[in-house]
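Presented below, as structure tokens, is a lone chain in the form predicted on its own.
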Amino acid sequence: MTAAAGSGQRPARPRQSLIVPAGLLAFLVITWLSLSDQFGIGFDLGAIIEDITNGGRILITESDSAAQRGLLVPNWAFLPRTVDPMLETFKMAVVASVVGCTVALPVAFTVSRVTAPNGVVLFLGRTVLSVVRAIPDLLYALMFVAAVGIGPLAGIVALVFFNIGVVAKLLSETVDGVDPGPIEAARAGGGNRTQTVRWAVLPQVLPNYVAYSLYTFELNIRASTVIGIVGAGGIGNLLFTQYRFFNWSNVSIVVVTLFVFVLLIELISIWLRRRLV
């Protein structure tokens, strides 16, 4: 029994930490500076309320001319023109997923602490992979459009780099958390590094790898739309063309086509991942 308990006195109340109030104050200050005119973006709620009705013309304008209709008045006659660009986007996503995820598999084993040959390879591999992930897919598309010209090839190469960065990162983290028992057994049986990875590590991470590949394929459908805006082919090119001419009813059809297609791909992908993982 302590002296404080023996004397019947209450123990001293612990001092309240100032971390939470200080963090909240710092958050409020940073938010205020970000919204201010002098240091931030110049956020003006009054201007937003005043100009919010300007979008009404884009949304609900009705006209006998399809080129003058709003987004909420879709031009269904334009729907057949979205089929070929949407198929091109799908083909781009398929090719980029196959190539990118295939390359990402061995890369992931070189940037994992469990399977990397040595510390130098691990450091260099992670550094290069960080650079690959740091560059946005849109910038990749711009570079490859300049290098190989306008068309789906530039989009495919841009998506390949995007896929390598995503899948290799996710898979390497999965490899880091595998059960070490099969690895120790393979090494004890005289297996070299390649044999250990093939028979002790790959079977453990293969379901996750397939799931990551399917997830990346979903991302490719969305990303190919964005990179198509800069000339990398696909439905994004058609979308940007209609946007430049303010054909909002045609833009609406492209958006609807994208939504339905992406939703179907995502539902199929979710169904497959639930049976693999």
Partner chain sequence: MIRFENASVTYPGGVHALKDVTLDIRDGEMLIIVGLSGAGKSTLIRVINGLVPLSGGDVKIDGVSVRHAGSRQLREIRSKIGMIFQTFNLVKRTTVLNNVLMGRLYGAGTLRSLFAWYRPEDIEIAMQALERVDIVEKAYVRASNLSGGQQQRVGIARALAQQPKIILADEPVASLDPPTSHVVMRDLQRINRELGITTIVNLHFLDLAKVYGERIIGMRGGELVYDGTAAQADERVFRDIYGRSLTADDVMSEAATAAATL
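Numbering follows the first chain given and starts at 1. Please read all numbers here as calculations on a predicted model, not as lab measurements.
One more form of this protein exists, namely the form predicted together with its partner chain; it is left out here, but the text below deals with it.
Shown without its partner, this chain lists Pro106, Gly119, Gly189, Pro80 as candidates; in the predicted bound form, only Gly189 has a non-hydrogen atom within 4.5 angstroms of its partner chain. The contact residue chosen from Pro136, Gly149, Gly177, Gly181 relative to its partner chain in the predicted bound form is Gly181, the criterion being a non-hydrogen atom within 4.5 angstroms. In the predicted bound form, every residue of the candidate spot (Gln195, Arg198 and Gln204) has a heavy atom lying within 4.5 Å of its partner chain.
Residues of just one listed stretch (247-255, 233-241, 205-213, 25-33) have heavy atoms within 4.5 Å of its partner chain in the predicted bound form: 205-213. In the predicted bound form, its partner chain lies farther than 4.5 Å from every heavy atom of Val98. For the chain shown alone, Ala185 is a contact residue for its partner chain in the predicted bound form, at least one non-hydrogen atom being within 4.5 angstroms.
For the partner-free chain shown, nothing in 239-269 comes within 4.5 angstroms of its partner chain in the predicted bound form, judged by any non-hydrogen atom.
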